[in-house]
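A single chain, nothing else alongside it, follows as structure tokens in the form predicted alone.
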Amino acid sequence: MVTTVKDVKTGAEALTTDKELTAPAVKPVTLPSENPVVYPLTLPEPAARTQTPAVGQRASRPDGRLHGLGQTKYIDDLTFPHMIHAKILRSAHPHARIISVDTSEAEAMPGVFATLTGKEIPVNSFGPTLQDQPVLAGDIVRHRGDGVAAVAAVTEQIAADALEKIKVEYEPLPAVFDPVEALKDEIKVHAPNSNIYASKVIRKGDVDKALAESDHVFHREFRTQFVEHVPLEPHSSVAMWDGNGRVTIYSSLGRITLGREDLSRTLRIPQNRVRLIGTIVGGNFGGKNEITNEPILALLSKKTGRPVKCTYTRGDEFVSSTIRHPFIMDYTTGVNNEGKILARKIRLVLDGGAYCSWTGTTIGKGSILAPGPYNIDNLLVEAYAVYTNKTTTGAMRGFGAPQVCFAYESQMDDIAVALGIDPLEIRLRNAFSENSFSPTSQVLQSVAIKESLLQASDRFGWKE
């Protein structure tokens, strides 16, 4: 059959057949086998790329302009329709048994939507190493930063006022604050378990023999203190649920994958029902590596059907968030008359506070780095982490390295002064070099300690 087809653009008419009308719009092209398609092995590079290489050029941070203009949205800047606020009541004792918690007066206050206690937490424990920390204390408080109850109200002030209406009856228990005393296990923080919850031993050579054969033996104890991260932005979170039983949590948490896993566990819901959104963080330094108030807000939100926000006060930060481990460090070092280290014996006691947090990582790094970057054939490191009824210690810049660095470098200075050797020279005589062995017998490569010391001393003008 022949059909007349009119061209819309030109108005011209043409004859066509049914076969042509039903044919594909684009006819396949068959390439002859003797002419295969050849793809280029290299792509042309734009001239602009060769003219402005990245190295040596000024580059602006994508978020720099917003920071400079003060337009960055941190979590406490976020608000949601019908959002309410939460506050957490802290323990009145460093160590006590909870007899009862009465929230009835707080619940009766105008503007209060809900309260929460530890007995309402589905799985009331969490922690990145050991799950030894309660979300809200259930039966026992182990330091003053333990949360005992929480309140959700229309405003932060009403929530704070409601905390004063909560009545908690305690039975005080003996507390231990000195980590050396905690080693004795006379007062147990997590009874009946020992206060020593992590330990590490490194042995190499014969330390006692080498110390006996040393020309000089130096012994000194060094101590470091608690250090709070003090980020400009305190811990803050917002939680809300949707109609499908899924919780969305905005948090300043630094490790959202681990946080999501902990939230799934504490709330006893599958991970695919937990959406954890990490907001722009206004300071972390290791202090926002684990969940804090997120499960509490999730449960308060579920109770009230509203988004719930909680932002720590500076007081909350100091008493409840994790801080740097204090170390007690005993160093005994034997050297010859030329200042060469022959043996070093070290004992570390880490004050872990009430709960483990990241102590497992801290004691490992601290032990391995404790001898310093020096060749030592005879070595003994014994490290112990203990519970005390103090603020929980966890991750902070270096995880154990700054503490031991202070100790071993201080003793190197002591040795240099006693032997009348230049402090730089004594370090050069003992420092690692290419293919040196670490305290755990790892072969070290790309070692530039001596070169770095010499270059730094030259620029500093050490000899002058």
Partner chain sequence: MLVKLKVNGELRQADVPPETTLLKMLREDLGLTGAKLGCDVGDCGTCTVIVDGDSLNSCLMLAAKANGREITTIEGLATSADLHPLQKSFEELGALQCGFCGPGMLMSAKNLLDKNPEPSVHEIKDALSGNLCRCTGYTKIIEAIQDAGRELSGAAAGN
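Just so it is clear, the model here is predicted, and its values are computed rather than measured. Numbering follows the first chain given and starts at 1.
We do not show the form predicted together with its partner chain, though everything after this point is about it.
Student: Quick check: do 64, 68 and 156 each get a heavy atom within 4.5 Å of its partner chain in the model of the complex?
Tutor: Yes.
Student: Counting any heavy atom within 4.5 Å as contact, can you tell me which stretch out of 137 to 145, 330 to 338, 207 to 215, 228 to 236 lines its partner chain in the model of the complex?
Tutor: The contacting stretch is 228 to 236.
Student: Given that the partner is absent here, does residue 281 sit within 4.5 Å of its partner chain in the model of the complex, heavy atoms only?
Tutor: Although its partner chain is absent here, residue 281 would touch it in the model of the complex, with heavy atoms inside 4.5 Å.
Student: With the partner left out of view, is residue 74 within 4.5 angstroms of its partner chain in the model of the complex by any non-hydrogen atom?
Tutor: Answer yes; at least one heavy atom of residue 74 falls within 4.5 Å of its partner chain in the model of the complex.
Student: Is residue 314 part of the interface with its partner chain in the model of the complex - any heavy atom within 4.5 Å?
Tutor: Taking the distances in the model of the complex, the answer for residue 314 is yes, it comes within 4.5 Å of its partner chain.
Student: Counting only non-hydrogen atoms and a 4.5 angstroms cut-off, does residue 435 reach its partner chain in the model of the complex?
Tutor: The answer is no: residue 435 has no heavy atom within 4.5 Å of its partner chain.
Student: To verify the annotation, which of these, 170, 358, 285, 241, has a non-hydrogen atom within 4.5 Å of its partner chain in the model of the complex?
Tutor: None of the others qualify; the residue that does is 285.
Student: Do any residues of 380 to 405 have a non-hydrogen atom within 4.5 angstroms of its partner chain in the model of the complex? If so, which ones, in sequence order?
Tutor: Contacting residue: only 396.
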